[in-house]
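So this first bit is one chain, no partners, the form predicted on its own, shown in structure tokens.
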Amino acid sequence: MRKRLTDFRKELVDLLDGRGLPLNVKEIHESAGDSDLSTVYRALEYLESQGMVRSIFVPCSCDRSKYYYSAGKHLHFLHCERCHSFYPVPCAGMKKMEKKILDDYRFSVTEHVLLFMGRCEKCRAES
């Protein structure tokens, strides 16, 4: 049986692409309307197998895989270890770094995710 991009899967891709930040399965499930959790997991697994969604494991106490729509984007984030919020970071200079990697290591970068972990301003103030 051949799988296809169902309306629900398209909805997830649009959701993740629109947010531009990693979402965990619970957040996706809450935003996806009338769907059960297993349907969300299966849809994400399919989308990831098709290269439409990537997952990243964040090694902190949130202990969840975060999913996002890749579409060949280079992504840069800050992740607060306390409140588990993500913040996008524009990262100038990555083209120079990719060229240096190619020149020094003969490695061609096709995609990257840059993740900085720490505490956001609000959580630092509450500490």
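Since the structure is predicted, the reported quantities are computational estimates derived from the model, not experimental observations. Residue numbers run from 1 along the displayed sequence.
Unshown form predicted in complex with a further copy of the same chain; subsequent notes refer to it.
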Does Leu78 reach a further copy of the same chain in the predicted bound form if we count a contact as any heavy atom within 4.5 Å?
yes
Can you tell me whether Asp14 touches a further copy of the same chain? I mean in the predicted bound form, with a 4.5 angstroms heavy atom cut-off.
no
I'd like to know if Ser55 sits close to a further copy of the same chain in the predicted bound form, meaning any non-hydrogen atom pair within 4.5 angstroms.
yes
Should Glu121 be classed as touching a further copy of the same chain in the predicted bound form when contacts are defined as heavy atoms within 4.5 Å?
yes
So which residues in 102 to 121, when you check a further copy of the same chain in the predicted bound form, have a heavy atom no farther than 4.5 Å from it?
Leu102, Tyr105, Arg106, Phe107, Ser108, Val109, Thr110, Glu111, His112, Val113, Leu114, Leu115, Phe116, Met117, Gly118, Arg119, Cys120, Glu121
Would one find the Cα atoms of Gly51 and Lys96 closer or farther in the predicted bound form than in this form, where their distance changes by 3 Å or more?
closer
Closer or farther: C-alpha pair Leu37/Cys83 in the predicted bound form, relative to this form, given a change of 3 Å or more:
farther
